[in-house]
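Single chain ahead, by itself, as structure tokens, in the form predicted on its own.
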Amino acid sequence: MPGNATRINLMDLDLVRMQEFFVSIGEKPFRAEQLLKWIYHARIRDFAQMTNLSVQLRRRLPELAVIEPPEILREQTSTDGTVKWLMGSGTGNAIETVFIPEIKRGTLCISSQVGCALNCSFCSTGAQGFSRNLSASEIIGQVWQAAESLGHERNGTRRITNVVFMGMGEPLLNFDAVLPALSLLRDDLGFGLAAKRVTVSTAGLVPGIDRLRDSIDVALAVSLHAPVDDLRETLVPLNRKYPIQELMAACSRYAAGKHKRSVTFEYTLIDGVNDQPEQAQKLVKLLRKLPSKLNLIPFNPFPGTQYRCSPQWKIREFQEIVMAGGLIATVRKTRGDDIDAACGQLVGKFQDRTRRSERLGQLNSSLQEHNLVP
């Protein structure tokens, strides 16, 4: 498990925090750049191998710090090439991370929490409960482990081209750990990914969207799944706190911010629930004035769910209606479903099995803790 009771995990630190660490132990700030290159470019964790550090510093660092990503407990590979890792997060808990290879890109889907408190009714992760937030080292450590396993940037091969926070958890409820991980993904001393290649997906935490806009330049995806409040409240209970009108206003602010980015809206198509032509037309009215694109996702079943995936003809019809209304809409290809790695299927392994009322209580406490309540 990342972290140590007496030593700091350097994977919790972005450039600024790494500089502060070295200054605090009487070293020059430039040591931070050296360490980051060793960790994320060379993927070296042994201080003794960091040959441009003084011998004295190499001997001292193990007494003060560790470099520990989450441990890989299991790796599975789908028939379509998708790879899923189960990574340990301590005391019987584990998270899931998924790599989706395509011809021109490789997308890594990472988790931000052990479980999820939001209880979206169509998501397997939410149905399992919530345990805790991940640390920054556990978040960026997923990318580190995937890069090491895939041979990322060895022999000139850049396997991971995109990283999306679409795994377990609500990223904006763990903002203080997610932000340094985002910084390391963007920083040339880390993984050096362009802003458009790092995406944070949220169920609609309005204050978190504003905070993200003001903090770092990355892409935003919003799990919408319904064009009207009453239906969205059934699918995404967070809508009761931040209804669609407030959510759309936050998305408009994000798109109009200094980085001028469009917003991706994710819409899981569930048979007989949100896939009707009139719902497609309402979606057009909702989104047509906002710089955006629409990602239509066929529902991926999981044990115990009451929902079914919309048939292909309904998915095509829905796509045709929204595109005729002027929206850019793509249908996400289902990948990795034979190893339960498809969208909405990640469950990991964690101890908490709380009831819905308790999970909502945890959510409200977390919102208040991070000043994310109106």
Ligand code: SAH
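Quick note: we count residues from 1 along the sequence shown, nothing fancier. Remember, predicted model here, so these are calculated numbers, not experimental data.
Beyond the structure shown, there is the form predicted together with the named molecule, which is absent from this document and is the topic of what follows.
Judged by heavy atoms within 4.5 Å of the named molecule in the predicted complex, the contact stretch among the candidates 297-305, 242-250, 255-263, 131-139 is 297-305. For the options 203, 280, 114, 163, the one in contact with the named molecule in the predicted complex, meaning a heavy atom within 4.5 Å, is 203. A heavy atom within 4.5 Å of the named molecule in the predicted complex is found for one listed residue only; from 174, 89, 97, 223, this is 223.
Although the partner is absent here, residue 167 is a contact residue: one of its heavy atoms lies within 4.5 angstroms of the named molecule in the predicted complex. Residue 144 falls outside the set of residues with a heavy atom inside 4.5 Å of the named molecule in the predicted complex. Not displayed here, the named molecule is approached by residue 268 to within 4.5 Å at the level of heavy atoms in the predicted complex. Not displayed here, the named molecule is approached by residue 123 to within 4.5 Å at the level of heavy atoms in the predicted complex.
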